[in-house]
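One chain comes next, on its own, written out as structure tokens in the form predicted on its own.
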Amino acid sequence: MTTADVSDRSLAQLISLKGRRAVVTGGGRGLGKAIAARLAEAGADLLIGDLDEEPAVSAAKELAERHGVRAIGAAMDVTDAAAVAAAADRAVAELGGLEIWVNNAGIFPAVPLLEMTEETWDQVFAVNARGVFVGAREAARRMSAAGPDGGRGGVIVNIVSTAGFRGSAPGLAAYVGSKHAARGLTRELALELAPMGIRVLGVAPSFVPTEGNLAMAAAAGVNLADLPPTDLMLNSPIGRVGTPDDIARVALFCASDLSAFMTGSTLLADGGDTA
């Protein structure tokens, strides 16, 4: 199966996701919710998965009312393969198919290497790397024309990080390692899934203040609001800190036919900060 030549389509047609069905992991808040919002605005029906079901259900209700799409909120632990498969099955059963999957869920505990336990290392990789693998596998099984329901291809978008291109900060060895793994998976999955009509792209954000980032800092006893941007490595040539919607717009580009001739790439969404 090959992807279509979309050169004759209008800009509105290229960005439209009307008639497509998407799953966003970790979509109850932060980057995931912003991504889900842009996909819904473009017309996609959604299943929003989150470890905490309540914000996923709330986000789904909000987006359905705002954009007139079908949206489901569901509990989803990306470290549990059965739970991921169940969410994928639910998207197909209740939305009618699956063409877009966004692997957004991630964790980033800051623990100095000499103090890091194997359990912490394994948990970070279970979410940030194995979660990408499991999500992509379950998405591809349903998108593939060879799948049990005869899918029609699709797009998998992996939210990586600038940490997938370089070292990040002390205490983030597991995070940096897992994000390099996610970036590598993006390239390999693109190669393996291309014959099935499935594109795979990565988006690599720099630091963006979200509920998760703020909670992580608070747990470490740091109030980000009290620190100048230079202390957080937040300066960029663009001159401001990124917002969740800055990343969501890049994810929308990846999910839409605007990027129809792209696969295997990881797009830096970092304000030019990554050398």
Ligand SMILES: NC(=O)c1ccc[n+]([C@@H]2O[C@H](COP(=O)([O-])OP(=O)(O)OC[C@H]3O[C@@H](n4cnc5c(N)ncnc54)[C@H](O)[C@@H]3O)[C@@H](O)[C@H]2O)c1
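Each residue number is its position in the shown sequence, starting from 1. Remember, it's a predicted structure, so these values are computed and weren't measured experimentally.
There is another form of the same protein, the form predicted in complex with the ligand; it is not shown, and what comes next is about it.
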property: Contact test in the predicted bound form: Leu189 vs the ligand, heavy atoms, 4.5 Å; result: no
property: Contact test in the predicted bound form: Arg29 vs the ligand, heavy atoms, 4.5 Å; result: yes
property: Interface membership of Val160, the ligand in the predicted bound form, 4.5 Å heavy atom rule; result: yes
property: Partner contact for Val102 in the predicted bound form: the ligand, 4.5 angstroms, heavy atom; result: no
property: Option touching the ligand, based on a heavy atom within 4.5 Å in the predicted bound form, out of Val57, Leu51, Ala42, Ala64; result: Leu51
property: Contact assignment for the ligand in the predicted bound form, among Leu98, Leu193, Val155, Val78, heavy atom within 4.5 Å; result: Val78
property: Interface stretch in the predicted bound form with the ligand - options 106-114, 90-98, 194-202, 165-173, non-hydrogen atom within 4.5 Å; result: 106-114
